[in-house]
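Next up: just one chain, as structure tokens, the form predicted alone.
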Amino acid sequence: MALNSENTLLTALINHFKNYFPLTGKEKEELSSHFRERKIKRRGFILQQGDVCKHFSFVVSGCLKMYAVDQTGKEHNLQFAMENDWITDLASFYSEKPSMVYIEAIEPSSILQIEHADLLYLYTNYHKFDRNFRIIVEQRCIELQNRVLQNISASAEERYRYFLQQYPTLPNRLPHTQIASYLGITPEFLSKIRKDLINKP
């Protein structure tokens, strides 16, 4: 559905951009023309493996996860996105090729989405959007690099500590199985790590 200037979801997005390069009045109007509101039920999908990722999604409320499924059917969580965060399959979105991942709502969620063509329009006509989204994409690349380095060199406990720094509120919102999948460990081992941390002086 199209947005209007009084939409509270749009306000959340406008406020989010204040973290980068704040928008002018005209640029704020463009948001209402090119972003669309979508409400997702728990366990609802905004992307399935094999489909082309057509949207860059901003989470206003709720929580989503991006994950891959291996040949045995096991899920591997790659990213979580909650309020004031973005989620998309960058490779599929920019290449317009089929995605290898799923994006699913863990909680009932309200999101704002922009399609590839609309984002290119904003890039071309309003350079501030190009600069803002460049920062957003760069942050995602840094997070991915840090995660790869963590998986190579850090212990499971160190990876969990890093997870707590990155997503401080999520342990209270997610089942242990979701966090364990993200860390690449079993739920039982995660419970042991949490217990050890609580008992440490």
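Numbers for residues come from their place in the sequence shown, where the first is 1. Note that this is a predicted model, so its numbers are computed, not measured.
Form predicted together with the DNA: not shown, discussed below.
Of the heavy atoms in T24, none are within 4.5 Å of the DNA in the model of the complex.
Contact check for G50: every heavy atom lies farther than 4.5 Å from the DNA in the model of the complex. Although the partner is absent here, K74 lies within 4.5 Å of the DNA in the model of the complex, judged by heavy atoms. Using a 4.5 angstroms threshold between heavy atoms, A156 counts as touching the DNA in the model of the complex. Three-residue candidate spot R43, P175 and E188; every residue lies within 4.5 angstroms of the DNA in the model of the complex by at least one non-hydrogen atom.
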